[in-house]
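Coming up is one lone chain in structure tokens, specifically the form predicted on its own.
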């Protein structure tokens, strides 16, 4: 056992866990609060939970058992109503590896879509929960501060998070180049399946607030329209709806063109050739390719958008070395700060050990000496201990100041004097 309190990260993510298991492990707010409370009360350790659509991760500081997951498994299974034997095996990372993992998550290197931005906001939410919790969590507070700094610096100093990495988000990026801001722009969503809904979500998160959903099935079309505070219209009103739209996204399973060249020519005449942005991400295509020949009708299909996605992915991958450098620097800062926080308890435990030895020796020789001799021996031994401790204490303090202190230095001190045992005895009294 080492003196240093251990950082442990228990990770279930798309890298090691199936979708069904990730769904089963997705913690609700009340369950996060209950989990953190149990960790505080049972083990006096700090705890936090990061839960997203692609990961559930437990961050613990202070629980030093060799198999931390074995101690938490029953708690997780009880909170989520899962048989403990059905829980998948997590990835377990400790100390430096755990901190590096969180920083990689914040940088979005661990995301399904390399360079996505949503994860940083989710990490900020976890930090807010740490600050608002009943128990004190100074180490995790600082760890998540460092993670947020990593995320911000990656997004400021590199282009890892620039450019779209999905067909839907690429469509939004292209539309933004033409229209700038989306507020007040009318967005047609043609279709109500997953692809169409995802496209609407991307436009909505980018500022769009006026949606019209066209679909053959009214029930499904109404549902999607309501989600985005939009209006439903029947699919046979498509040409009419295009007369006032700024952007139209086509994502249906129709086998024929829903918008023909002749229809669009009439629409453009009615619009007085005001520009319209058409995004056809259907297979087969919903918009007649000849529409692209009409002036002010900007038509992009799925092949155009896939080229954008590939180019953006290549660009993002080239930024990984720069991101790794940022993470390396922040891991070093975290370790230095963590070690500095360990110096005070190390010095206190070292002083306690020497005092215990001194007191035991004085007691062992108290017979046969007078009170004055005992007082003289007591003063002498205190002075001797003070001199013996001077150099080790000065070394530890100066090593913290010049950032040369290593984890091995602290471990060596605790191992040489068996300070864990000294601390445990003190806690019992």
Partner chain sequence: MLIVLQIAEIILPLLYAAIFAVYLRQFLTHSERGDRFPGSLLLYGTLGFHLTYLTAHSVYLHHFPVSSRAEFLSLVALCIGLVYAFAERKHKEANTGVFFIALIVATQGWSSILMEPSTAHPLLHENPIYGIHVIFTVFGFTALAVSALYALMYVLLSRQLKSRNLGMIFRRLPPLNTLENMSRLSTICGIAFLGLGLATGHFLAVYVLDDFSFMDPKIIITYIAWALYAAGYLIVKWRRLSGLRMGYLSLGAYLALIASMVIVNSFFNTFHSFQ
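Residue numbers count along the first chain shown, from 1. What you are looking at is a predicted structure, and each value in this text was computed from that prediction instead of being measured. In this text, the rigid core denotes the largest set of C-alpha atoms whose superposition between the two forms falls within 1.5 Å.
There is also a form predicted together with the partner chain; it is not shown, and the following applies to it.
Participant: Identify, from the list 322, 112, 176, 82, the residue with a heavy atom within 4.5 Å of the partner chain in the predicted complex.
Facilitator: Partner contact (heavy atom, 4.5 Å) among the options: 176.
Participant: Exactly one of 182, 353, 211, 300 has a non-hydrogen atom within 4.5 Å of the partner chain in the predicted complex; which residue is it?
Facilitator: Filtering the options by heavy-atom distance leaves 300.
Participant: Using a 4.5 Å heavy atom cut-off, which of 67-75, 202-210, 99-107, 155-163 contacts the partner chain in the predicted complex?
Facilitator: Going through the listed ranges, the match is 155-163.
Participant: With the cut-off set at 4.5 Å between non-hydrogen atoms, does residue 317 touch the partner chain in the predicted complex?
Facilitator: Flag for residue 317 set to no.
Participant: Report yes if any heavy atom of residue 296 sits within 4.5 Å of a heavy atom of the partner chain in the predicted complex; otherwise report no.
Facilitator: Answer yes; at least one heavy atom of residue 296 falls within 4.5 Å of the partner chain in the predicted complex.
Participant: Examine residue 122 and determine whether its closest non-hydrogen atom to the partner chain in the predicted complex is within 4.5 angstroms.
Facilitator: No, residue 122 is distant from the partner.
Participant: Considering only heavy atoms, tell me if residue 126 and the partner chain come within 4.5 Å of each other in the predicted complex.
Facilitator: Although the partner chain is absent here, residue 126 would stay clear of it in the predicted complex, with no heavy atoms inside 4.5 Å.
Participant: Of 261-282, which residues get within 4.5 Å of the partner chain in the predicted complex if you count heavy atoms?
Facilitator: Residues within 4.5 Å: 272, 273, 274, 275.
Participant: On a core-based superposition, does residue 327 travel 2 Å or more at its Cα between this form and the one not shown?
Facilitator: False for residue 327: its C-alpha shift is below 2 Å.
Participant: Is the shift of residue 116 between this form and the one not shown large enough to count as movement, that is, does its C-alpha move by 2 Å or more after the core is superposed?
Facilitator: The answer is no; the displacement is under 2 Å.
Participant: After the core is matched up, is the C-alpha of residue 126 off by 2 Å or more between this form and the one not shown?
Facilitator: After core superposition, the C-alpha of residue 126 moves less than 2 Å between this form and the one not shown.
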